[in-house]
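Take a look at this single chain in structure tokens; it is the form predicted on its own.
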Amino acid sequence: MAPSTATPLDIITAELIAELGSDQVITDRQRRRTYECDGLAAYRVVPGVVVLAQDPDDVAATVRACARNGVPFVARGSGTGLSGGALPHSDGVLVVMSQMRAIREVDVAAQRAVVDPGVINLQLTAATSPDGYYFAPDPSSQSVCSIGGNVAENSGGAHCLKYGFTTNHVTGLDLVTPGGERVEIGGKAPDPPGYDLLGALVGSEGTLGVVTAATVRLTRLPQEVRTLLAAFRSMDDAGAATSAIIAAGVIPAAIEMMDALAIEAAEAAVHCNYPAGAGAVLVVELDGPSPDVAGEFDDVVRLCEEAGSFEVRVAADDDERALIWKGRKSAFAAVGRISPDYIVQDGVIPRTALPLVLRQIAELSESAGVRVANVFHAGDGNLHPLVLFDGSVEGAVDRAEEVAGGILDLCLAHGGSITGEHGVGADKAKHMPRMFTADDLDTMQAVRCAFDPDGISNPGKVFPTPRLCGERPGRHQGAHPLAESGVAEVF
């Protein structure tokens, strides 16, 4: 009898169709191409097979089949990520969670909700606001991004200055481990005893397993919200106002900044009618008890004017507030109006370094001949420079990537980070050794190996090279065959 030529992917595909049915398993190449990238379209891989999970049992069955056959798997939510974190494997399984979008429970008394991973961020706020609560993390993509993806990337948003990132709002997770076992970690309690496994899982980018439910905090809607737009002649002046506001002891819900190029793009896209001639604008939002907001609001207006603001607009109602935010929240997509291609960068610097780093980014942009639009969370120094280029021009992509990498180098040089909320994914893995020592990376790998000794859960993400679990770190005599061939680095 001739030996079987079936590959592990062939075997697992047949097993999944038998267990889940052909409606939930996509094998047609054209349909699989739908899932070839996330929001970072520069990286594209057609997945080997796609599973449309309906419930946690589907996820567990899929992962167990992957573990039996040594096939890699990647979990995907709405696909809005900007780091290639959900980039599939051509010889692996993509587990799509977007059909798991039930809000299982809203416990108003405990200020908790239990949700499926495919629940849209803003959907939870819409469901809980009639009871006077909302879900605080608010990425710009909150109308389309999923809470499972927020957990994977530890997403932030404009209001993370006051309310923190996703990790500050998760108290429990249901997880399918890389071996296919279903486990519950945490719950409704505010601070479960033992090791902080939730802290390890939130932001792990799907490398430690697949989240099938999240228990999250609900935040009470503030008594009052006031939003203003302050226009400045320069980014330096806007940065000085930001530092002055925080130094005065005022912690707004959000302080967002846009430069002239980002304003130009937003005007072209959504006609937000920001003040003409502005070199930068600040969007500042205050919320809380009415007396506190009133006092802080007067301080913010005064500090902006002292820093050189030539116009301050105050939202009179929810419609005006929405219009102010529309320009900021549309900024990423809006640059498509002024550039055929762009790279969204995500770095962090100390807030006090804002003026200097922004000047250095401008110098980098000018010297390379590459335009950069700046949009960012000024209150916590989370930069989102948009590097603009035309991919049809020879050498333009390389120049843009060089500028994008140079911006991350600037962030690190000033004591910052290569990512604030978009994650490392496939895009920034190569930059990890610039921020962490080899020992740091080995320690992180040890954690990953404890959860996923076979390295099948979203491999190729976060770390610059694949490493082998089960090996002692340090010097060894002789080379491992995979290491010798350049396929892996021994850990």
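Predicted, not measured: the structure shown is a model, and the values here were computed from it. All residue numbers are counted from 1 along the displayed sequence.
Keep in mind the form predicted in complex with a small molecule is missing from the figure; the text below concerns it.
Engineer: Quick check on this chain: which one of Thr80, Thr125, Thr227, Ser309 has a heavy atom within 4.5 Å of the small molecule in the predicted bound form?
Structural biologist: Residue within 4.5 Å of the partner: Thr80.
Engineer: Just one of Pro88, Gly327, Gly148, Gly239 has a heavy atom within 4.5 Å of the small molecule in the predicted bound form. Which one?
Structural biologist: Selected residue: Gly148.
Engineer: Want to guess which of 390-398, 186-194, 154-162, 404-412 is within 4.5 Å of the small molecule in the predicted bound form, heavy atoms only?
Structural biologist: Of the stretches listed, the one contacting the partner is 154-162.
Engineer: Is there a heavy atom of Pro139 lying 4.5 Å or less from a heavy atom of the small molecule in the predicted bound form?
Structural biologist: Yes, Pro139 lies within 4.5 Å of the small molecule in the predicted bound form.
Engineer: Wondering, does Lys428 line up within 4.5 Å of the small molecule in the predicted bound form on heavy atoms?
Structural biologist: Heavy-atom contact with the small molecule at 4.5 Å: absent for Lys428.
Engineer: Under a 4.5 Å heavy atom criterion, is Gly209 part of the interface with the small molecule in the predicted bound form?
Structural biologist: Gly209 belongs to the contact set for the small molecule.
Engineer: Answer for Pro117 alone: is it within 4.5 Å of the small molecule in the predicted bound form, judged on heavy atom distances?
Structural biologist: Contact check for Pro117: yes, within 4.5 Å of the small molecule in the predicted bound form.
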